[in-house]
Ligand code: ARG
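First comes one chain, alone, set out as structure tokens in the form predicted alone.
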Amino acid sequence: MAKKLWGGRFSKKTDPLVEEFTKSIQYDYKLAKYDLLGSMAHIEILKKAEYLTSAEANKLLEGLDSIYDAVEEKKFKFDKKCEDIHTAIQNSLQKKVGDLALKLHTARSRNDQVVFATKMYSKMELAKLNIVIAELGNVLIKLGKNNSEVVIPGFTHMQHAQPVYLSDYLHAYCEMLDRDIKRLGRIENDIKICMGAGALAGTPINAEEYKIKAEEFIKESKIGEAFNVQAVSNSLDAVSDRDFVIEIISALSILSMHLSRLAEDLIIWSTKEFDFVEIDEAFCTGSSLMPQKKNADVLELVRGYAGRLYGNLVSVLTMMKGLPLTYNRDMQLDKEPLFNSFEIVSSELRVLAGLVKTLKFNKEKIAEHLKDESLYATDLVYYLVDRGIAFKNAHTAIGKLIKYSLDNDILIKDMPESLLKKFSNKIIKKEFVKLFDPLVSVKSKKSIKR
């Protein structure tokens, strides 16, 4: 049985069923390098507090450094029998430096150790994720620029509404992604790296000694950026706070919802009924029975995974809702939803960026949809408004005109001027029919900043 970080009070061995049920190393191994960073910071704090000599601190740092390098190179073989990654690292360090490793846990609890590692993991993952989000945004912007003159039918209630630029349609998703970046950035900025909570009541070390900078104990190159450690403002809250986990998963759920909406639009557009867009075969799958099938499975999974993200959020909210202060073992169950949410969204963003690059628009099919005269009904209303008709009266007149067109199976463009004037004497046919042009329609909208 692997050594534990606790056990002096116990006279019996832990039942193997309990060992298996309570361990978390099968997923919290992802926190390995962040736990190591926390231990390196803690060594600096212990040295300042004179719990460690400089020689002892240096020896411990050398041992942790070698473990860190092994983790980075994916060569660290952690003992899967250990309760968690924190125990595995402690045991590995003891093998390297002997009983000196036993001093490392001075003024320290796994309660604040876990929070430190989870916050560090979250900050680094958020920084990486925002880069990937921006990459998808750039792909959408480029696609819009490459199709800058393409006009498509816009929809409300899944019905033809008004013509819009394809680039504006794609840019709508860029706006969503930009909000996601800002939302995640705010969360990342609000995550403060604190130490000194102990199990819940603080430690004997002066709060001032917890104020250290990363460069005091580790090279910046190891983590990509420096970070500051500060003392906790409230030790009870520090070990029992999982707001940051909930905020992250919530923001990732919103991001996943945006990606799901994009996926849904592309699924619809790629159907035979719409046929607006062609998705490259490299991003599609086939059928084991029907040889003609070309399925947008990637997009369907993006749509489906949104439910997984929502489930992760609800699971952590539900886990936290009834917990008394301070730390409770339930909180161990925040890790898998957090890790899973990051992994799903990161994969979605990358595969979507690749898929979007392949999209080809069927301009002929889009043009067929743009022949629908109802798309220009609002332009016809404004035509009458510009000639002095009150908007409500113009709206009613054009509504009746559209109904007459549909009921009598006759295009408005084909109606004689005498018939058009029955709906409004302000209509001049040669001017009126020019409005049935998608470019005229989109260029008439002046309120959009481009």
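All of these numbers come straight from a predicted model, not from anything done at the bench. One rule holds for the numbers: they count along the sequence shown, beginning at 1.
We do not show the form predicted together with this ligand, though everything after this point is about it.
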Assert contact_stretch over 106-114, 340-348, 160-168, 256-264 against this ligand in the predicted bound form, heavy atom within 4.5 Å, equals 106-114
Although the partner isn't part of this model, could you tell me whether D180 comes within 4.5 Å of this ligand in the predicted bound form, counting any heavy atom of the residue? no
Considering only heavy atoms, tell me if R329 and this ligand come within 4.5 Å of each other in the predicted bound form. yes
- request: Answer with yes or no whether S24 is in contact with this ligand in the predicted bound form, where contact means some heavy atom within 4.5 Å.
  value: yes
Quiz prompt | Proximity of R303 to this ligand in the predicted bound form, heavy atoms at 4.5 Å | solution = no
